[in-house]
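Shown below, as structure tokens, is a lone chain in the form predicted alone; questions about how it binds or moves come after it.
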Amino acid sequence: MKAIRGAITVDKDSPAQIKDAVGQLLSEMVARNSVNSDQIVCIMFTNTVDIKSYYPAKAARECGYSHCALFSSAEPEIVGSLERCIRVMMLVESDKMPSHVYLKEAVSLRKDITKIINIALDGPAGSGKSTVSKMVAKRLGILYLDTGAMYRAIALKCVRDNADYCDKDAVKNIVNKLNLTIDYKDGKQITLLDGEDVGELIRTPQVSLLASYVSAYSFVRTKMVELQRRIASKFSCILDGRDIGTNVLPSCEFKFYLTASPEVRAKRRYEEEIAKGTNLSFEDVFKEINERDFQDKNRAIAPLTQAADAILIDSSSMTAEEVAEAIVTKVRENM
């Protein structure tokens, strides 16, 4: 069960304005969270003491929410509090990350929620971007958008359809009919290819290397960037990749470039593969890291490069926790 929070203000204490405000707020909460009526368990309201003419719970019932439990109470009088404000907590049967809604003057109550924050984290393969991004997302309470998973999904589709990645038309055909969906459950990204969760299948060395090749095609990047920008425009999130700060979200407020020596990055990737039971030598992984670096830095479209306004972090002698803390501290200082 998830709790979706929201608030709205009214210009004056009148039944008509209260009913309109409650209807607008609940409709927006339902729409943003794609909630069905049968998922709503309970809606609880509180209102400031200067709202006396109408109960928000009654307004909700008249707006069509009589199928769930409704509760309404007045808040204690607090000097300096926001005037004529209605707050709500909607409990829903869902495992998706909630999108909270604050409208009108109530936006000032939770700027940390209402302001969309985007963080770009670029860097070469094996620098720890994914691990760090997940930590940052959890600490800041935002989404982690794994952009690399999108390109890996296309690569996996090429493998499954026996499409030659060197054949531009074959890859374009894959992209044109691609059924790729990004979903979130408990704050975790779920990558669905043709309706199947392929989170583990896209992490093989074969798919990783192939993803670097297919991402060099302009039509592939155009499709993926469009999807990434659409998600980032709706939710606060951290995106990691090769060209987030330079191409995908060039105007985002927070940019970081995470790197480490090739030897350190290869060692990290090698240890990950060994833990999975993969039969690879360190030399194989080191070679793959260098190949990825060359491909990513020399591709014609959106090559790997540090944005001019990105903060450089060399993690060669840092733990993932230390890197995440450095990013979180910088973001909070400027929020």
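Since we're looking at a predicted model, the values are computed, not measured. Numbering starts at 1 and follows the sequence shown.
Heads up, the form predicted in complex with a small molecule isn't pictured, but that's what we're talking about next.
Contact segment among 237-245, 87-95, 167-175, 73-81, judged by heavy atoms lying within 4.5 Å of the small molecule in the predicted complex: Selected stretch: 237-245.
Contact residue in the predicted complex, from A211, I182, L193, L140 (heavy atom within 4.5 Å of the small molecule): Selected residue: A211.
One residue of K255, R221, K157, K134 in contact with the small molecule, assessed in the predicted complex (non-hydrogen atom, 4.5 angstroms): Partner contact (heavy atom, 4.5 Å) among the options: R221.
Partner contact for D296 in the predicted complex: the small molecule, 4.5 angstroms, heavy atom: Close contact exists here: in the predicted complex, D296 approaches the small molecule to within 4.5 Å, heavy atoms only.
Touches the small molecule in the predicted complex: R110 (any heavy atom, 4.5 Å): R110 lies outside the contact set for the small molecule.
Residue contact check: R265 to the small molecule in the predicted complex, 4.5 Å heavy atom: No, no contact at 4.5 Å.
Interface membership of H100, the small molecule in the predicted complex, 4.5 Å heavy atom rule: Close contact is absent here: in the predicted complex, H100 is far from the small molecule, nothing within 4.5 Å, heavy atoms only.
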